[in-house]
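We begin with a single chain expressed as structure tokens, specifically the form predicted alone.
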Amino acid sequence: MRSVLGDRRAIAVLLGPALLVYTLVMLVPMGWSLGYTFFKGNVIEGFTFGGFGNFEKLWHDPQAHSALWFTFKYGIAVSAGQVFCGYVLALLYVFVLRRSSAVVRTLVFFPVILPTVAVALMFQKLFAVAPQNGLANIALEGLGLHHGDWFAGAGGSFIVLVLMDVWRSMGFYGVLIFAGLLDIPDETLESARLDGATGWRLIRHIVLPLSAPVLLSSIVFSINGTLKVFDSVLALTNGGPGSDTTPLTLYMFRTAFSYGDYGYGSTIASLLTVVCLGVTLIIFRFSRRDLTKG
């Protein structure tokens, strides 16, 4: 193995095809998109060089600011819900259900494979108010509470969006974190119990630090997925009411493909790339803390 790793020609032969495919599939489109940010127009009308005009427009665009704020708000709320619910499910699988958790895991994981449009239609029916109340409003009225049209305002639409995406994906994070918890040696847990660490103390001082790598991976997966949300919003609210639930991805799509402004759409896409990269770097920076030190 050392002789192979020391041979530059062998390294080039082994890694060259993968690097070539990665460059063609990932880096070239990104560079092409970045180049569009300096132009105005589209493939039908033609392009004209606009310098930094698209970036200046983005800086002063209130719709872009609204979309960026919604993207951050949605990403934080849904990621917190996904990872928290996934972690609770994983603890339930390992410490309560144990070997009989396979059926529960399958049932909770089932929404992950459902089409987004089908899930969105189901949640529209659950929270409907006309022509008849959905189950959510029936349950609230049974508790003496009343809620009007969930999709008529930004707050109600945001709550339904968060509930839908947390419900749909918490099974995936439950299985992902469950696999990480299985790597914790039984001897370590048993030793901690003999030392008097049970319940929350066992989770806080033993399970949580030892599961930090898989927890970090879950957070990175979740935050990057939610910052790039598109299909859920399009299927459930179409960005409405008005533009109150429009994330950057949907605003970018409409700008580039509905209004034919490729340059400004690429500028919005570049902003989203910078946001995802910045958030990921912040998470990795924070993860360097030693969780075992209180």
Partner chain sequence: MTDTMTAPPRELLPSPRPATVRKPGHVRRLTRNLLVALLVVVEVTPLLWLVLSSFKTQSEFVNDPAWSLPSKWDLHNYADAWTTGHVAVYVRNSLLATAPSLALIIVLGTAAGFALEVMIWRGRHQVLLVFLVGIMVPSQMILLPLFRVYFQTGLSGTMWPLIITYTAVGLPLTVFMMATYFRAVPREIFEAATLDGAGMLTAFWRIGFPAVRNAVFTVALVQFFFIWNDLLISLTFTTDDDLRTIQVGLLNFTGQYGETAYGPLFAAISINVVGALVLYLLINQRIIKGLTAGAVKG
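Being a predicted model, the structure only gives us computed values, none of them experimental. Numbering follows the first chain given and starts at 1.
FYI, the form predicted together with its partner chain isn't displayed, but the following is about it.
J.: Considering non-hydrogen atoms and a 4.5 Å limit, which listed residue (Met164, Met170, Ile219, Val207) is close to its partner chain in the predicted bound form?
T.: That would be Met170.
J.: Among the candidate residues Ala212, Ile76, Leu92, Leu140, which is the single one with a non-hydrogen atom no more than 4.5 Å from its partner chain in the predicted bound form?
T.: By the 4.5 Å criterion, the partner-contacting residue is Leu92.
J.: Indicate whether Thr246 is a 4.5 Å heavy atom neighbour of its partner chain in the predicted bound form.
T.: Contact check for Thr246: no, nothing within 4.5 Å of its partner chain in the predicted bound form.
J.: So in the predicted bound form, does Gln63 come within 4.5 Å of its partner chain, heavy atom to heavy atom?
T.: Because no heavy atom of Gln63 falls inside 4.5 Å of its partner chain in the predicted bound form, the answer is no.
J.: Does its partner chain get within 4.5 angstroms of any non-hydrogen atom of Thr188 in the predicted bound form?
T.: Judged by the heavy-atom cut-off of 4.5 Å, Thr188 is well away from its partner chain in the predicted bound form.
J.: With a cut-off of 4.5 Å between heavy atoms, is Ile282 one of the residues that contacts its partner chain in the predicted bound form?
T.: No, Ile282 sits far enough from its partner chain in the predicted bound form that none of its heavy atoms falls within 4.5 Å.
J.: Please determine whether each residue of Trp59, Ala152 and Arg201 possesses a non-hydrogen atom within 4.5 angstroms of its partner chain in the predicted bound form.
T.: No, none of Trp59, Ala152 and Arg201 comes within 4.5 Å of its partner chain in the predicted bound form.
J.: Does any residue in 92 to 122 get within 4.5 Å of its partner chain in the predicted bound form, counting heavy atoms only, and if so which ones?
T.: In sequence order, Leu92, Val94, Phe95, Val96, Leu97, Arg98, Arg99, Ser100, Val104, Arg105, Thr106, Leu107, Val108, Phe109, Phe110, Pro111, Ile113, Leu114, Pro115, Thr116, Val117, Ala118, Leu121, Met122 come within 4.5 Å of the partner.
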